[in-house]
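So this first bit is one chain, no partners, the form predicted on its own, shown in structure tokens.
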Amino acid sequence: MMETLDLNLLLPAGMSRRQALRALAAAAGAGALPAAAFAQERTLNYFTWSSWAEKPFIEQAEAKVKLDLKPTFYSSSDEMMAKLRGGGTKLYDMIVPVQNYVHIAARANLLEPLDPAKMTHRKDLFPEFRDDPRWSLNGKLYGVPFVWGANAMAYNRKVTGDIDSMDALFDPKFKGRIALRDEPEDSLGLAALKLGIKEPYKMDEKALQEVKKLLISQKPLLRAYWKNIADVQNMLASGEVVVAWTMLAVIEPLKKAGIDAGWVWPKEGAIGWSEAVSAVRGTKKLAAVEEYANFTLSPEHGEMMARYLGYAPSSKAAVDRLEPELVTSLGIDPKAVNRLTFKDIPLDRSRWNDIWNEVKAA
């Protein structure tokens, strides 16, 4: 049996045992004791892409908003959805979905609405992202995008020269040195744009067959279909690949490695995306999630993100902090957003998967 410490030995002079017990109870009720509980309230379980949990982002959250982020990673939107449906709503407080999964997740009762009044930095955003309908459903807000961009073309200027067209992805002179993403929504989408199909994610069977034919004809020219961004970055860095359909994030590391890397939204079009912090259904820390979601819209967060990862902030106030040459290199031109075809869920997603598998098996 545990021994009981005699409280009388610890009492200040003149204080009775009963008075001491009352004082302790009052202190606990007033919140003087539970520092650990307070710390726990400021800890958020963060289910996200690995980029948003790199050290500078964790440190900035701790320093600026006194939040402790505990990240767990997913590598695809499908993985995110599967884990949330499989019990993740009991494990996580917030996620960072891509815009085309917001309505799906909300309809599946996986997200908690946010209070628009808490998004005070929303006023600083470019209009194209401040009231983006992709992030609301039935009058409820599920996120405000803090970042946006395009999946487009990276190239080794020394080998290819300046390019402005998807033709480079289908050019025999680059045979064996071309890479596409191993994802149907990207690769079937870009092929549709190459064929002049204006609404790729609404393609019927006839259009899908045209896209399949084009991609199969391209296969002999390819070095690889890449899955992880590190893979395509390494292939570009080594010279194995000289032109690739990829993400802007590969460019800065290539330049730092001494490669004359170019980046272009081809004239045929590019695939747009945006991301935001969303609250997971049932979180007990909604106020803290809203606080962090609002912080991601701040000039401080947007500036750091742009400088560290090379991504485009949706905050005009953040962009105003950047040098003009950096803004140009990041491709931050909201006036050109209408040139993007924003990624969406295809009308028949299973058919898209079938077509993509047929392309890879050909």
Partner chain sequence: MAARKARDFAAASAFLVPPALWIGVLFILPMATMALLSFWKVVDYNIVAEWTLANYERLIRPLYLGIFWRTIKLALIVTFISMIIGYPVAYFLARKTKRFRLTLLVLVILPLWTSYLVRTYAWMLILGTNGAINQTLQALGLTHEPVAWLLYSDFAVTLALVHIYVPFFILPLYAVLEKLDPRLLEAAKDLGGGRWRTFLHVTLPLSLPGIATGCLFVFIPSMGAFVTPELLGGARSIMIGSVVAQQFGVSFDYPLGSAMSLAILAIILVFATLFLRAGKPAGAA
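Residue numbers count along the first chain shown, from 1. Model, not experiment: these values are computed from the prediction.
Keep in mind that the form predicted together with its partner chain is not shown, yet the notes after this line are about it.
Asker: Which among 111-119, 244-252, 76-84, 282-290 is in contact with its partner chain in the predicted complex, heavy atoms within 4.5 angstroms?
Answerer: Looking at the partner contacts, the answer comes out as 76-84.
Asker: Does its partner chain come within 4.5 Å of a heavy atom in each of I104, P220 and R349 in the predicted complex?
Answerer: Contact check passed for all of I104, P220 and R349.
Asker: Looking at D231, D124, E210, D132 here, can you tell me which has any non-hydrogen atom within 4.5 angstroms of its partner chain in the predicted complex?
Answerer: None of the other options qualify; the answer is D231.
Asker: Could you tell me which one of W273, Y225, W265, Y201 places a heavy atom within 4.5 Å of its partner chain in the predicted complex?
Answerer: Contact with its partner chain in the predicted complex is made by Y225 alone.
Asker: I'd like to check something about N353: if you look in the predicted complex, is any of its heavy atoms closer than or equal to 4.5 Å to a heavy atom of its partner chain?
Answerer: Result yes; N353 sits at the interface with its partner chain in the predicted complex.
Asker: Taking heavy atoms only, is A168 within 4.5 angstroms of its partner chain in the predicted complex?
Answerer: Although its partner chain is absent here, A168 would stay clear of it in the predicted complex, with no heavy atoms inside 4.5 Å.
Asker: Spell out, yes or no, whether the shortest heavy atom distance between M235 and its partner chain in the predicted complex is within 4.5 Å.
Answerer: Yes, contact at 4.5 Å.
Asker: I'd like to know if E128 sits close to its partner chain in the predicted complex, meaning any non-hydrogen atom pair within 4.5 angstroms.
Answerer: Contact with its partner chain, no.
Asker: In the predicted complex, which residues of 169-195 put a heavy atom within 4.5 Å of its partner chain?
Answerer: Stretch hits: a single one, E183.
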